[in-house]
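In structure tokens, the next block holds one chain alone, the form predicted alone.
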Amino acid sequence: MALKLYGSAMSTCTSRVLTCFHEKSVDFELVPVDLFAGEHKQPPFLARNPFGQIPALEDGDLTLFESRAITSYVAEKFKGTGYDLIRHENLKEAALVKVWMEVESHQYNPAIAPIVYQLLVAPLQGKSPDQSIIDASVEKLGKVLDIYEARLTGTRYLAGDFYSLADLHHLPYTYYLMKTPAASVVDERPHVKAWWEDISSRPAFKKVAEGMKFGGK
């Protein structure tokens, strides 16, 4: 039975999971959730995720939400197929993957998300971007990326010389960031830029990026 993912192709969290699916070469069905119609706040979807956020995964009688939890589950369940995203045969490497997954969630994402929201989402909602929020978030993201730059001088990817979930989790938000003037925060750091160009060129993500048309961009 194919995995069933409820979400939206343009959503950062949905595309995070879709990229994992493609890396693992697993069968899945994407069930579209109409965010603009508020479908994610209606009882049928709330039964899958009571917080009313996409995506949600159904695998037989198991229902999961939170995109990073879903990617971890998929990478573990299908560790014998596709690309090894969690380094399951090497305890130390697997631990480093988890460290940098945490860094993405707690350091990187809180800095980049407000930038993408202000520059891409707010205009779609008829709001003017708040430049003070953008400036503060770019400064915060820059400090995080200074640490990434130092890290990436010694390793090709964040957890080591191997691609993993730690890198994959960065893809959706960074993809949208690179379509904004704030892309300079990546471009001005040569090792971060090279890392981004590397991970964003992987076939699995390129398939997903075709559906990431946010506001027609």
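Here the structure is a predicted model, which is why all the values come from computation and not from measurement. The first residue of the shown sequence is 1; numbering continues from there.
Not pictured, yet referred to below: the form predicted in complex with S-Hydroxy-Glutathione.
Only one of R189, H40, R48, R151 comes within 4.5 Å of S-Hydroxy-Glutathione in the predicted complex through a heavy atom, and that residue is H40. Using a 4.5 angstroms threshold between heavy atoms, A182 stays clear of S-Hydroxy-Glutathione in the predicted complex. In the predicted complex, at least one heavy atom of G52 sits within 4.5 Å of S-Hydroxy-Glutathione. When S-Hydroxy-Glutathione is considered in the predicted complex, S67 lines it closely, a heavy atom lying within 4.5 Å. Proximity of C13 to S-Hydroxy-Glutathione in the predicted complex: non-hydrogen atoms within 4.5 Å are present.
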